[in-house]
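Okay, so we've got a single protein chain in two different forms coming up as structure tokens, structure 1 first and structure 2 after it.
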Structure 1
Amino acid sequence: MTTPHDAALRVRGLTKHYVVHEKEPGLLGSLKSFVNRRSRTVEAVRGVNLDLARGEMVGFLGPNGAGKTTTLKMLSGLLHPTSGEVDVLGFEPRRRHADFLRSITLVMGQKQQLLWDLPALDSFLVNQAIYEIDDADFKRTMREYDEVLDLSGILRKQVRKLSLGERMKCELAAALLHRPRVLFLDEPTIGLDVNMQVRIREFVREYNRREDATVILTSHYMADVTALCERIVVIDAGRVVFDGDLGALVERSSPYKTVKLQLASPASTERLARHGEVVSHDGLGVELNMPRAEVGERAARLLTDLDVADLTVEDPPIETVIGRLFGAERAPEHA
């Protein structure tokens, strides 16, 4: 399998099946399981196809258990696929070639690589040796990361005494010390406060710009995805159900826009309903849904018909869009 020069990642028909053992709860369940252990095969990833260009940032979305993390683990070489082909920078990840491992990183928001009882700087020095980074490069990288992440005050503190945000900054810097060309970021901002989320996002954006790095990001915080990624891949029940730009996703899953009104004088719900679907009507505050294609025309008519003090037109929140997409994809299976 070959990779074109501008392609960073190519995936074809990727699947992963797990065998899981099942046991009923309680003592009786334990005894039954001891005598007759039952197992079943879970199809975590089912025929995923994906292409990423060098420098591209992609948001990988899906509900819990959709197969996002399993896919990232296969792309980074942690898991061996059941079937399918994976090519990352010309390498087959499962072989864990040293040059491949030097070219990628996987940051897991819920796992740590830093040495718990030592200052974070010790982990950086270990990574410097493992990735064979010379002193000049090491110092330059640390200086750059310090500018964005403000690390200097925390590097000499024991990792276990760092706050979650401080630790995550160190985790991210340690994982990127060797300047990887492909970043797999699995929930990198989980549990962080809003300021720290913004700081991490800025760092990732800056890294992508400087290094022309390819980034796949999973996050439950839609703000991470909307701030960083133009392209979205949505995975559900192990299958890719959408692959395209964020705008197209909103258009496809949400054929209407939300018009928020602040009225100067009251209007009845019946009168408002002539302009669109009334989502809420609380005194002078009104929220209407209007078909996407007719928003301009309807809004103009509404302004002449009603006494409007303020009007804004918005796309529905991305969380709603994604939720609706999952609902739509699952409906035929349940039918």
Structure 2
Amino acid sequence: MTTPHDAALRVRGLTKHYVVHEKEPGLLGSLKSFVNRRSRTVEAVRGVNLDLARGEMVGFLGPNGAGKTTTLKMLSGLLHPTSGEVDVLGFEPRRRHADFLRSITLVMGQKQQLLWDLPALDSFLVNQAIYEIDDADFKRTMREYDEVLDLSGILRKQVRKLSLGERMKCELAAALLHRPRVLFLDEPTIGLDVNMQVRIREFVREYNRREDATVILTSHYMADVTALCERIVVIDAGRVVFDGDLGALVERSSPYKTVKLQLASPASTERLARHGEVVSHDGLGVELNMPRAEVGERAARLLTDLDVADLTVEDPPIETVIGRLFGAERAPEHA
């Protein structure tokens, strides 16, 4: 738990409610809505509490519609909370103080800030003027970012002619020209190929190291989160359902480990089932689930009983763990 002296971000009881107007389809529905307009309240975020230390990188996970982007928009001051308290670097985000805006950035993978018909460099120069970055700092920052992102060959191209990966590199660099201390990254690698995802992760990791920046990252690519974040916060239906170490989440939500075998000689499914739940059995390749607390004992018996050429023990994929957590949290509401 962070203290007020080392906290970059502190959130208490954060909520956001929307009033959504509903209408029946067609002309008749439109006419009815004039006479009797119906609406309902959507609770997008419900009582979120959160503390982040300076320099901490946190994965912010949840299914579509969980409230992730709405939360980030409130933390960055784009949306006003319905209730609750938010403190980012000593500022109240909704007031949009100039010093606050110079200290944060929000990067949304599905939105763009670059001017579509102009070279990316022109947008960089606009940001230089907005944030009052002197020429020496601007050139130094551009050199540093070019080392990691390889920008020099694409800055003078029209943004519309850049590939998605090239554009995302420029978007990220433009958003960090003023060297913000808090980064809100909402799906920064969405739609990118694997190699480009790795480049973006390396850039974020290096920026965090150099600037001691605090990072909140949302992503549907679990590799982004596992590569960058030791701590994760999981939100579902507007509520935080987990906040802690990634390994602790795996232990909490997945009571088994996966044992992968390469057999030297075949074994029947019935024989394999004595040692664990048979997930797959394809010739000499076998995958078993075993209770986490019994893996050592069962694996030892398995090696004695079967002709094993190779054996590995793994935690289940983080996607599976997150999916199980969502299911467990939702089950009581549907019971």
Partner chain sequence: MRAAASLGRKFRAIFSAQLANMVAYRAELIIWMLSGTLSFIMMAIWISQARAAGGEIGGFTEARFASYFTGTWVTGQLLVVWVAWELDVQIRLGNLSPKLLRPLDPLWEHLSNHLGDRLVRAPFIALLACLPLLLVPGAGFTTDPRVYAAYLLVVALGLLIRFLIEYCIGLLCFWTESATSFSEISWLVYAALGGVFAPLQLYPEALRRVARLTPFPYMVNLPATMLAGDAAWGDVGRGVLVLLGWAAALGTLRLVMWRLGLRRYGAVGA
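Reference numbering: structure 1, starting with residue 1. Between two forms, the rigid core is the largest collection of C-alphas that superpose within 1.5 Å. Predicted model, so just to flag it, every value in this text is computed and none were measured.
Only structure 1 matches the form predicted in complex with the partner chain. With the core superposed, Lys32 shows a C-alpha displacement of at least 2 Å between structures 1 and 2.
For Lys23, the CA shift between structures 1 and 2 after superposing the rigid core equals 2.4 Å.
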